[in-house]
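Next comes just one chain, in structure tokens: the form predicted on its own.
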Amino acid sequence: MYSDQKRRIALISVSGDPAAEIGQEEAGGQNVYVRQIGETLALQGWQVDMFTRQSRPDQAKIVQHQPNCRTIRLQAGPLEFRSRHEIFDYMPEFVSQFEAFQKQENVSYALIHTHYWLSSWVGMQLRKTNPLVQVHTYHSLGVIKYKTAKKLPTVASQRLPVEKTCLETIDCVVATSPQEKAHMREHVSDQGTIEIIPCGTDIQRFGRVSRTEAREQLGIPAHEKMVLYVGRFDPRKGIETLVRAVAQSKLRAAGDLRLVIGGGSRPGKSDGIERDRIEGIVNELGLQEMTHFPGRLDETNLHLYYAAADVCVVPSHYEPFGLVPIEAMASHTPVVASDVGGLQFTVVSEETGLLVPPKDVDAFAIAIDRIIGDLEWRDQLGAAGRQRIESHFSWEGVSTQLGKLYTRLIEEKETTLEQEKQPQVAA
């Protein structure tokens, strides 16, 4: 343990377990982000505790990732999986369990970095009784998410005011792209402090194998044109748009087009229901022979699928940042993505891939055909994408930026507390 309390921090991710297997229900980009920055910050000299909600009785309460980085699971509500939309009422218990853990371990944190709106509420409660700095990353904004909803969910009445209060009152909000910052200012509040620090990716893991080597390991023929989707099965991810776009591809008639839809699914859960719906569309369009569902992609094979693909498609209706495009670009694979949110920041259209209007089947079909129909241009886009990732989006660089922000905020807080201790001189 570090004796320097200023280097002890907590990352709070109530609904995104950093120790979870990626691809499980509601385990995606947020989980990856929190774990990666936690582990990298620990290597840079911080003492990092990552707090999340325990969702099963057989889960380890503490998972040690490195000597200075661990995940701590707190019980809040029943020991069973509950959607992030169902657990707000358990947050007071999470706060109590966090404070009990501090007392039990005799530790205190100079700073907490909260993730997603549920955790922001937890952090704001902790600030009332602890002299700590709070930094927050939204991961998605309710006001943007609900824009296209036909009917607002019940949780919106809780989420929207929490997100507004968070921006206006905590020490700093971290936006992962200029577009996300603009959305905060336009739709949430013109008050509060915002810093832009992007997400990152593992540039050693992604990009270490060639397309030929990856295809040999996966058993994918060299002549096939491979279109890849990676992510959760969620209607907002726009997988239906991709499937219908591939059905319209002019290259489909040649018979060497392969669509790979990679991601986890659990029967009866929300992602399993969406997977079944997507498979129904695949069957309806007669794409069964050319479409493959490899299931959950993990550390053993995710990098191979990215490297094997001719193009990676990100058809999301909205993404505040999105890890998939930077993982693909790190793998020398060009990206076709929706022209929304943080995708406008990570993907440089006509340079590292193409941006097209969300939900526009025709536009996605044309963009996919442009790239896989010109292999020399495909390789140029892939090389430019890799260069962009190396320059802007490594986890080491992202964590260094966060570390500098943490240090500045902690020192400012310390100065303020010292000033408050000074006796007031009468005029």
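Owing to the predicted nature of the structure, the values given are computational and were not obtained by experimental measurement. Residue positions are given as counts along the sequence shown, with the first one as 1.
Not on display, but discussed next: the form predicted in complex with uridine-5'-diphosphate.
*Choose from 73 to 81, 145 to 153, 350 to 358, 226 to 234 the stretch whose residues reach within 4.5 Å of uridine-5'-diphosphate in the predicted bound form, heavy atoms counted.*
Looking at the partner contacts, the answer comes out as 226 to 234.
*Of Leu297, Ile278, Val133, Val340, which residue is found within 4.5 angstroms of uridine-5'-diphosphate in the predicted bound form when only non-hydrogen atoms are counted?*
The option sitting close enough to the partner is Leu297.
*Using a 4.5 Å cut on heavy atoms, which of Val32, Val398, Ile371, Ile389 is close to uridine-5'-diphosphate in the predicted bound form?*
Selected residue: Val32.
*Please check if Leu302 has a heavy atom lying within 4.5 Å of any heavy atom of uridine-5'-diphosphate in the predicted bound form.*
Looking in the predicted bound form, residue contacts with uridine-5'-diphosphate include Leu302, since a heavy atom lies within 4.5 Å.
*So in the predicted bound form, does any heavy atom of Ala175 sit within 4.5 Å of uridine-5'-diphosphate?*
No, Ala175 stays farther than 4.5 Å from uridine-5'-diphosphate in the predicted bound form.
_4.5 angstroms heavy atom contact with uridine-5'-diphosphate in the predicted bound form for Pro315_ = Looking in the predicted bound form, residue contacts with uridine-5'-diphosphate do not include Pro315, since no heavy atom lies within 4.5 Å.
*Given that the partner is absent here, does Gly322 sit within 4.5 Å of uridine-5'-diphosphate in the predicted bound form, heavy atoms only?*
Residue-level check for Gly322: yes, a contact with uridine-5'-diphosphate.
*Indicate whether the candidate residues Gly207, Asp310 and Gly385 are all in contact with uridine-5'-diphosphate in the predicted bound form, with contact defined as any heavy atom within 4.5 Å.*
Answer is no for this spot.
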